[in-house]
Structure formats: C-alpha cells, structure tokens
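This document starts with one chain, in the form predicted alone, laid out as structure tokens.
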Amino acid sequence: MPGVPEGLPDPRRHPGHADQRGRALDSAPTAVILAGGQGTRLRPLTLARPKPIVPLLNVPFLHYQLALLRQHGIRDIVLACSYRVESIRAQLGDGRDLGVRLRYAVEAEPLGTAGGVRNAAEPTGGRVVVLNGDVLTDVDLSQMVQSHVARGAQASIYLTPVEDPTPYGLVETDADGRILRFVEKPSREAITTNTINAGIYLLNRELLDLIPRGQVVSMERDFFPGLLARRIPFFGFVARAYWLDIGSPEQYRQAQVDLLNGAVATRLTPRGTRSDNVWVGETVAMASSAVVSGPAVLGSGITLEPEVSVGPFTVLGDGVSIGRGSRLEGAILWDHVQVGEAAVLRECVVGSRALIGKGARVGPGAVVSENEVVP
C-alpha cells in the first residue's frame, strides 16, 4: 500500500485492527465526520477555504482526525459535507494515501448533525463513531468502544471536563455514567457539573433508523433527547484527553501551539527535517544572520532575509518570504505570504498570499485574510 505518510503505521506491518497499545478491535466501527459547516466562527480564514482543510502545522486539519481513527483501527470513514466539497476532495482524495477508505456523503441542503449522520451512514452496519469536524483530540477511541460494549450501551458520548462550562452544553450523568439530561449553555448559577459534550459519539447502527430520512435533525436538540425519552441505554464516556474546538481564530492558533509543545498525542509530525525542535522543508533560503528559535515549522521554498528573527511557536507555510529585519513570534502564516522589511508579527494568523508591508505591525489576536494587503 504505497504512500503511507510518515508517522502513520503501515498496514503491511500492522495487520488487522489495533490501537496504539496493540489491543485488537473486532469489527471496527464505521466513522462519520461531520464537516458540513461553513466555518463562520473561523472567518475570514474560511471564506476561501473550508474548515476541514485549514492547515495545522502546514497539514490539513482533517489529517489529524483521520490519523486518530486509523490509530484505533477505524479505516472506513464517511465525510458528511456540503460546503466547498471539491476543495476537500482535492486535498484528501479517497484517503488511500492516508491509509483509510474515505467516502463523501454530499448534502444538497444541510441536514443538521443527526440528519447528516443518517445520510452518511445509510449503507453501513454495526457501530458508527461520529466526530465533529472541528475537534482536535487524542481521546482513546478503543477504550471508548470497550466501555460501550462492557456497559451494554446502545449510545455513548465522549464527555470532557472543563474549567468553565458556560459556553458549552453540560451533560449530567448518574454514578454509573448513564446520561440523565443535557443543559445547554447554563448560567453560572445553573452549573451542576463540569462535563461537556465533546463532539464524539458511538452509536449502534439501528439507532439511526430513529432519525427521519432527508430531514433537518439536530443530534443535540432532537436525537439525544429522544434516546432519553425512550430509555435507551445511553452512557457518557469521561476522559481527560486533549480536546480543543478549533472553530475560532484564537483556538485555531492555540491548537498549533499545543501541537508544537507536545500537548497533543499524535503520530503525525510536521513535514520536513527536524533540527533543534525546528522542522524545515525543502529549498529553504536562510541568510546567515537570520535566527529561528524552536519550536517552529518552516515549509518548503521559504526565504528568510538577513537579520530576520523567527521566534518560538511560529509556523511558516510553503513559499513564504520574510524581509530583512522582520521579527515573528507565535505567528501562523499560510502559504506564499510576503512580509516586508522590519515588520513585526506576534501571535497572529495570516492567510495565503497576503502581503504585509514594510514596517507593519500585526499584533496579538489579529487575523489577516487571504490575499489581503496590510500597508
């Protein structure tokens, strides 16, 4: 099976389905990734590029979810999508080069989270694991499957504890882990638990027949309350794994910081050669007086002119050019960005082919759109 990328196990050497601890997964679930949203919270970065393929350390985001699934023996994956589908297909293809079988369930009109799962999983049998297409995590999916089977669950939901649960939907469970109720974005006075819906579900296939075909149905507002009303065995799987919703520019940049500092357990590594905690791509032209401090990632075809300083937690995409005397720290630059002389970029995100002018200052939290000019 040619083309298995570095950092992913080769099925020729790892027969059968097994997770990172070598535990075999009998009859591995089919996975459905919900990737149909337009990424409105991540705008302007998603105006020209769908969220599932925004780059993390110069790798399309969905590569991390596909790597996690494959790590746990899940190789049959359906992408439920409706926005800029051809852009996603051009990046991911049929998944063969990533060691998975990737299919596309394209919705002519968005069907909601549950409707999208029903549409995507229609031809499958057995269990279905569902992932929200904007979550970076290293949760142990094998352990989640084992917990599901051991409890006799028909539905399981991954719950993660958070310090401030008010922006999320709370999920209350009893002492045995059975789901009791969902509380949407509570006030501080209404907080009864700190475990939230982390956007990963494990469902027995027959439950999807409860979702009306071809209709807009929400997993959180319609499907899950219906399971509780029917008293279907529905359990929470609580784990303190890494978990981050990359749906806002701030969290998108934070995800890259966390990947660089090793907070996320993943078998994917940045492209290029690693030296002193800096990954460097091919044909990088770097002046002798330029300085790069890791952790950092430099793509291919990059130019660093004299006296450039690239500080920790900076990611430069392919074809980026940095002018003389410019300083970057914690900056995420997509491909073919041009930065003029003596510019300063700190803790910001810059889209593809943007032009940062001579002496410009781009400060913390700033987001520059693709092709935008900052004088």
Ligand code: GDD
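Just count from 1 along the sequence shown to find any residue number. Values in this document were obtained by computation on a predicted structure and should not be read as measured data.
Although it is not shown, the form predicted together with this ligand is what the next lines describe.
Q: Can you pick the one in 223, 279, 234, 243 that has a heavy atom within 4.5 Å of this ligand in the model of the complex?
A: By the 4.5 Å heavy-atom cutoff, the listed residue in contact is 243.
Q: This ligand isn't shown here, but in the model of the complex which of 324, 336, 41, 346 has a heavy atom within 4.5 Å of it?
A: Checked against the cut-off, the match is 41.
Q: This ligand isn't shown here, but in the model of the complex, which of 269 to 277, 162 to 170, 91 to 99, 146 to 154 has heavy atoms within 4.5 Å of it?
A: That would be 162 to 170.
Q: If we define contact as a non-hydrogen atom of the residue within 4.5 angstroms of the partner, is residue 110 a contact of this ligand in the model of the complex?
A: Yes, residue 110 lies within 4.5 Å of this ligand in the model of the complex.
Q: Though only this chain appears here, would residue 185 touch this ligand in the model of the complex if you measure heavy atom gaps against 4.5 Å?
A: It does: once this ligand is placed as it appears in the model of the complex, residue 185 has a heavy atom within 4.5 Å of it.
Q: Residue 203 near this ligand in the model of the complex, any heavy atom under 4.5 Å?
A: The answer is no: residue 203 has no heavy atom within 4.5 Å of this ligand.
Q: Counting only non-hydrogen atoms and a 4.5 angstroms cut-off, does residue 249 reach this ligand in the model of the complex?
A: Output for residue 249 is no: heavy atoms all beyond 4.5 Å of this ligand.
Q: Could you run down 132 to 153 and flag each residue that has a heavy atom within 4.5 Å of this ligand in the model of the complex?
A: 132, 133, 134, 135 sit within 4.5 Å of the partner.
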